[in-house]
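Take a look at this one chain, the form predicted on its own, written out in structure tokens.
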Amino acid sequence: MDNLKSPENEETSGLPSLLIRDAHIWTENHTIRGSILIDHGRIQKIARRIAERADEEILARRLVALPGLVDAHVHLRDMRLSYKEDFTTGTAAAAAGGFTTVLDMPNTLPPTDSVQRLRLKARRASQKILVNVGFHTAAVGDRWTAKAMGAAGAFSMKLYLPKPIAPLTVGDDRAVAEVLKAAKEASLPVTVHAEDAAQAKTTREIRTFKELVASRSGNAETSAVNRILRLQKKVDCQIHFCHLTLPSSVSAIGNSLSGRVSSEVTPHHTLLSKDSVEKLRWKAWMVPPLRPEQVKNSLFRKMASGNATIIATDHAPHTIKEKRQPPHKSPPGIPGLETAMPLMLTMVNKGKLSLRRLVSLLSTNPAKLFSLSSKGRLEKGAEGDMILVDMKKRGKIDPNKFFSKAHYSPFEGWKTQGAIHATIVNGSIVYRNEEITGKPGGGKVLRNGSGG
């Protein structure tokens, strides 16, 4: 990626200026009434009134301006998996959901397990993306490879405990410790799918999705979290735990004496229970699987009260034909980029989650966690990434309207209050009034260490 010509490296002088007038602008603790001027891709001024004119203007009365959302865990597919999703449809879904920056996972075909493949992926993405995109790479135990991937801009090394990307094996602690040491030397975080492989197996004997969920019990997560925390204490590297399903996992990470561990929860694990799997079957099948109702409720409370570090969607699209296969063949995963914000804004409107907490979970905290220093805030000098939200607009989750290729959702039919009116990336409007207005290639390919 060092020699790539991508939107990140191009001059921004040709970008049109944008003035957002009379919005309710989010500050650290509350909203203020005012206007925002963006020029050369960055916020130039925030004031009660701005006299300057701009190339484009939005009258934002009754709309709330929030910093652009950052999703640290998405699967944009593309390449040999383009039939499921590609960089354009995936980032269109991101824009529609209010996400101005997403970080893509490495379990693609081919997997992102080398510097060459990272560069290939970035080059392909640079021509197709509508929002800003960075990349995680597969975990490796070789320190020179880890350093090379860090130098090429990787945002983390992803460690899949239940099914590591070959040739990595994680059967013993020594192998995992080598990954953690390599990541530390490369100054890279390790993002972890925390399920114990020995306790998370599916077989052909499984005949129902209920049995499939039972095959991956919460004990698999508890065992893996405890194992990684124990090894992290010895190595002292940065660890981020993905898509946690148990409140006890969030607590264990929060109670860790290390300041270098963080936790992630998803909308589906905090809003849906395993009862949904019995009713919706393949539509509600993901890994880790959904948990019992009381566990789900407790996880939501942990998230809302400040224990979890971030929300991520784990957007994982598949074709409906694939999903409809028998349980042991049905690939786990659901699309989430277009449903996360409407669902969570509904929780805000119901008084179950504060807007301040939501902004932290979906913007400020993920930006800080992955060193995107110019994102996650509305301040002079910050990147011109923001969203305009209509807090009162009512709607209904309709997968047929998704920009993603995955036209299914366990949230289908859910009524919502709160919607994305516009998504602005690097000062350009890429989504507005339920339409994509940006062009493929308009987003930046991001590199870790560049500040975003």
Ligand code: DOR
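Only a predicted model underlies this, so the values are computations on that prediction, with no experimental measurement involved. When you see a residue number, it is the position in the sequence shown, counting from 1.
The same protein has a further form, the form predicted together with this ligand, not shown here; the description that follows concerns it.
With this ligand omitted here, the record of contacts in the model of the complex names 310-318 of 224-232, 259-267, 310-318, 347-355, defined by a heavy atom within 4.5 Å.
This ligand is not drawn, but in the model of the complex it has no heavy atom within 4.5 Å of Phe300. For the chain shown alone, Met286 is a contact residue for this ligand in the model of the complex, at least one non-hydrogen atom being within 4.5 angstroms. Contact between Arg377 and this ligand in the model of the complex is not found at the 4.5 Å heavy atom cutoff. Using a 4.5 Å cutoff between non-hydrogen atoms, Ser217 does not count as a contact of this ligand in the model of the complex.
In the model of the complex, no residue of the candidate spot (Arg117, Gly153 and Lys444) has a heavy atom lying within 4.5 Å of this ligand. The single contact residue among Arg291, Lys121, His240, Arg77, judged by any heavy atom lying within 4.5 Å of this ligand in the model of the complex, is Arg77. Interface residue among Pro327, Gly333, Pro111, Gly141, judged by heavy atoms within 4.5 Å of this ligand in the model of the complex: Gly333. Contacts of stretch 250-264 with this ligand in the model of the complex, defined by any heavy atom lying within 4.5 Å, are made by none of its residues.
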